[in-house]
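Only one chain is included here, represented as structure tokens and corresponding to the form predicted on its own.
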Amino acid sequence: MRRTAFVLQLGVTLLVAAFLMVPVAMSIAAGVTANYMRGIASGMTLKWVAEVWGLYAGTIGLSLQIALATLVVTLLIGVPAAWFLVRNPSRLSRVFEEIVTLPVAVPGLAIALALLLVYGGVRDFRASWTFILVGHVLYTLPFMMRAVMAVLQSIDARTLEEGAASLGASPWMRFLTVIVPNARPGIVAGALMVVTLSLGEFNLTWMLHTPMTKTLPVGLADSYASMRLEIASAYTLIFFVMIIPLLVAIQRIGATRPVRKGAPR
């Protein structure tokens, strides 16, 4: 009976995995196929990858630049804000938390329209990649804050901080040496979300970009719109080659265990 249940669970898991991964694998394979319409039988080539790199290398570099800048800004804002909200629970802090979370529920196009209405007239800012950065920070900050708050609420961070204070550590030193190391799993989870969301974000970026600030998803949409499906597939392949090592590196950096409530120290 247990063996049957195991086989059934394994079969369902494999079917779900195949349902999710087969389209991705087919798209990646199409990026190295000589003839998109004939498929793998037409032979393999890196011609489309080289063409994408030649045409859109700038968009790939800009996407990485914006994603990493978004990560830095959300870390600098989100981690201290998450600790403040966990350390000072009140009705006002809950209202602030909900306000910060609003961009997740609001369509990206609406956020972009609001930014254009307020800052669109500032020509230099509008033409700069930092304009897109502001939109990405608004959209991804809740994911960083929620992930860090979840970890801080699961550990006895307040007692640890009070212990460090009794030893003479300043508030800044307590935050850096006690709170941040114990919040690392949440920071890593938040960083993974921020980087992946920023790299793949399209709706908001499409509204905010200019011809000089085109990102990878916008270039991918252009490829599909022009019916260059082999180019678009090669674009997808480059996206995976770029994002997977980055995510693995972030996970390895944060591969530590937090101090849990009641755990021996």
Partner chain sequence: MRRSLSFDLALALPGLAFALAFFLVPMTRLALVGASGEDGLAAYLTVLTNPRHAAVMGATVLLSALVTVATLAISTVVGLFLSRHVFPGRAVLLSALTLPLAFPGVVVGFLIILLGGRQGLFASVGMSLGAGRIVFAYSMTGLFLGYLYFSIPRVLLTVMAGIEKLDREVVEAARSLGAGPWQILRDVTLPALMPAFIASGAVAFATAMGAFGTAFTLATDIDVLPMLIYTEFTLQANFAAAAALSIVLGLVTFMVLAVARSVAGTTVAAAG
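For the two forms, the rigid core is made up of the largest set of C-alpha atoms that agree within 1.5 Å on superposition. Remember, predicted model here, so these are calculated numbers, not experimental data. Numbering follows the first chain given and starts at 1.
Form predicted in complex with the partner chain: not shown, discussed below.
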Can all three of A69, S128 and A189 be found with a heavy atom no more than 4.5 Å from the partner chain in the model of the complex?
no
So in the model of the complex, does any heavy atom of T45 sit within 4.5 Å of the partner chain?
no
Exercise: L14 in contact with the partner chain in the model of the complex, heavy atom 4.5 Å
yes
S154 near the partner chain in the model of the complex, any heavy atom under 4.5 Å?
no
So in the model of the complex, does any heavy atom of A110 sit within 4.5 Å of the partner chain?
yes
Contact check, 132-153 vs the partner chain in the model of the complex, heavy atom within 4.5 Å, ordered by sequence, gives V134, V137, L138, Y139, F143, R146
Quick one: core overlaid, is S170 moving 2 Å or more at the Cα between the shown form and the other one?
yes
